[in-house]
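A lone chain, given as structure tokens: the form predicted on its own.
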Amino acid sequence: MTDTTSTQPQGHSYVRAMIRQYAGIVLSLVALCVIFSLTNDRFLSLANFTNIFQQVAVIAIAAFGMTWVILLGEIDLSIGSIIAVAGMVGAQVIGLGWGFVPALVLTLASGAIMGLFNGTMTAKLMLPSFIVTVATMSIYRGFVSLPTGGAPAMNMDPTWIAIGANSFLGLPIIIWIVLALFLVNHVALAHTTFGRKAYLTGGNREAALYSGINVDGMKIKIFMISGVMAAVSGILLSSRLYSAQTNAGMSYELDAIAAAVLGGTSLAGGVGTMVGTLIGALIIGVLNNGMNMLSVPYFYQLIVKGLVILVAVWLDVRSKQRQG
């Protein structure tokens, strides 16, 4: 994948570069759609594609946050637990009678705080993000059950539920939210100084330090972005489920990593785009939906997704070896 820190091509050159960059992953998505449409008549229906996009929404938003983290050469394995905590925080605030807006604000704040903790442990104590987020994955998952003792929280606000149930201009609101967050993350990454600093920090930490970039500060901010994106996913998931479930978001970190890596984000850091991540999330969504329609047992689905990640990582490593 092209390093977007380099000079951006213009006009027709830009279009050709985009086609070269995403042709492989788009063809993979089309191939999956063809395979599943041949095995199940209902796959190509409008209702099924709407269902796929709604399922992809939660994964895609979490993957946007994961893309920022992987760009730094780090990993965030706690986002599945943050998704569950966020839904529970929203439900508890609503249960106190504080209303929709305070619940929304405090839920997003909870994601930012959990991301702040992950980032601070990684940047200031210089602990590997893998270890930090494996630990916080367990800690945050424990927090989810504290208010209810493990039972789901059902006291959701009607406006909260409307996010996942209603439509606007013919499209589910949840899809509009994904598109809006995609644009925000894409512009921030590809067209702002903050995005260029993220690429440089992940691609060459020493160069970033000599350039005057606050590397520790970048890590903390980006883990906070990941936490907020996971919190939004938690809001959408609890809205769709009409409740906050203590087991919500289980293995979503796997799907988010897969979406980012499939989309071309390098686990070594410094390379990746939100466009690629969005397409990668669609592949994961189609894969999940197609296997569910074929009644593939859940444990086989995990095996398939694990193999998909292995292939994507292998291709990334091969690409790095050829480059250098």
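The shown structure was predicted, so the numbers you read here are calculated from the model rather than taken from an experiment. All residue numbers are counted from 1 along the displayed sequence.
One more form of this protein exists, namely the form predicted in complex with a further copy of the same chain; it is left out here, but the text below deals with it.
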Revision key, fill the gap. Picking from Gly217, Pro158, Gly99, Gly150, the single residue whose non-hydrogen atoms come within 4.5 angstroms of a further copy of the same chain in the model of the complex is Gly150
Check your understanding: Hey, with a further copy of the same chain in the model of the complex, do Pro128, Ala258 and Leu307 all fall inside the 4.5 Å heavy atom range?
Key -> yes
Check your understanding: Hey, in the model of the complex, is Val313 touching a further copy of the same chain, heavy atoms inside 4.5 Å?
Key -> yes
Practice item. May I ask you to state whether Arg141 is within 4.5 Å of a further copy of the same chain in the model of the complex, using heavy atom distances? Key: yes
Check your understanding: If you check in the model of the complex, is Phe117 within 4.5 Å of a further copy of the same chain, heavy atoms only?
Key -> yes
Point to revise | Close approach of Leu254 to a further copy of the same chain in the model of the complex, 4.5 Å, heavy atom | key: yes
Revision key, fill the gap. Testing 227-235, 90-98, 106-114, 133-141 against a further copy of the same chain in the model of the complex with a 4.5 Å heavy atom criterion leaves exactly one stretch, namely 133-141
Check your understanding: In sequence order, which positions of 197-221 have a non-hydrogen atom within 4.5 Å of a further copy of the same chain in the model of the complex?
Key -> none
Revision key, fill the gap. One pair moves by 3 angstroms or more in the model of the complex: the C-alpha atoms of Leu307 and Ile75, which are farther
Check your understanding: Are Glu253 and Gly306 closer or farther apart at their Cα atoms in the model of the complex than shown, with the shift being 3 Å or more?
Key -> farther
